[in-house]
Structure formats: structure tokens, C-alpha cells
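Single chain ahead, by itself, as C-alpha cells, in the form predicted alone.
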């Protein structure tokens, strides 16, 4: 299957149903339980986004929140990530570190659950 055909197929797939979200959010931890220098998988909603230079490179910074708190999500060298905007529900996974004095996951693996229009 060509890359274009894969993209078309992905666009035709229906939005995940609530039961699918439950399945995709399995094995996630609440933001409040995330620990520095440990690998974490967190589900939540994007509360805010901004582009901020970091060492001369544009960097997309966001805050992912759940019912227990928020964590910074940083995409180095990116001004935009398709599908990620305020209101988007997603699952992120990666090593927890520190960014600007807050817990953060840099360049996480992510899965979009629902994109807010």
C-alpha cells in the first residue's frame, strides 16, 4: 500500500468511540503520580499551546491536564504538530524530566484520542 493510500485510509477511519478511549487509556497513570526521571504514560486534554524558542530552535510547548493536575509536553524543533491543539484528548508516553521548573515529557510518543474542533 502506498503512503498516499495509507493516508486516505486513515482519514476514512471513524473517530474512536468512548469504549476505544477506555482501551487506549489503559496502563496510564494520573498526572499527580508521575515521577521525575521515570517513564510514564499519561492520558489527558491539551489545555494550552505556545511556540517558544529553545536554544535558537522553535519549540512547541503544551500542557496536558487530567483530573489530578498538568504536565508539560515539549516537541523540540516543531512549530505545529498536526491534530494537536487546545482541547485535543491524547495519550503521551516518555521519560519525565524537567523543563522550566516543571515536570515535562520531551518529544513524547503520542496517540490522539479526539481532536477538538
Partner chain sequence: MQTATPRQPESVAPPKPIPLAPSIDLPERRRYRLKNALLGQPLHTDQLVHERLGKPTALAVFASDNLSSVAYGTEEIITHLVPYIGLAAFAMVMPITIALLVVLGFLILSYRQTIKAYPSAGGAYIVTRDNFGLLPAQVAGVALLTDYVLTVAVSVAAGTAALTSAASALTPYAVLIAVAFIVIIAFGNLRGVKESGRIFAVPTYFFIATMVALLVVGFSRMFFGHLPVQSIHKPGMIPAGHGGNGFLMGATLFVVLRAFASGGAAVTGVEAISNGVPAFRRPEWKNARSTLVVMGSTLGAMFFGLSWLDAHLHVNAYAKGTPTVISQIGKVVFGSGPLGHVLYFALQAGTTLILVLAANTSFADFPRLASFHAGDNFMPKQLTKRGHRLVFSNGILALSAASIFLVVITQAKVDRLIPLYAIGVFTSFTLSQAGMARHHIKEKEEGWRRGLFINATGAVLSLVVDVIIAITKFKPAGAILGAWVIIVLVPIMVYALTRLNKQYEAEAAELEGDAKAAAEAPILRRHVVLVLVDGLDRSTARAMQYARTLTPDDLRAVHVAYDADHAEKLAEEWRRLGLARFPLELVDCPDRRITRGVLEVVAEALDGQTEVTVLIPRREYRRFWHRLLHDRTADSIASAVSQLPHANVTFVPYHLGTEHQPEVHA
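Numbering follows the first chain given and starts at 1. Note that this is a predicted model, so its numbers are computed, not measured.
What comes next is about the form predicted in complex with the partner chain, which does not appear here.
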Sole residue of 74, 92, 34, 49 within 4.5 Å of the partner chain in the model of the complex, by heavy atom: 49
Partner proximity in the model of the complex: residue 58 to the partner chain, non-hydrogen atom cutoff 4.5 Å: no
In the model of the complex, residue 45 touching the partner chain (heavy atom, 4.5 Å): yes
The partner chain contact at residue 79 in the model of the complex, heavy atom, 4.5 Å: yes
Residue 30: touches the partner chain in the model of the complex, heavy atom cutoff 4.5 angstroms: no
Any residue of 76 to 96 that, in the model of the complex, places a heavy atom within 4.5 Å of the partner chain: 79, 80, 85, 86, 87
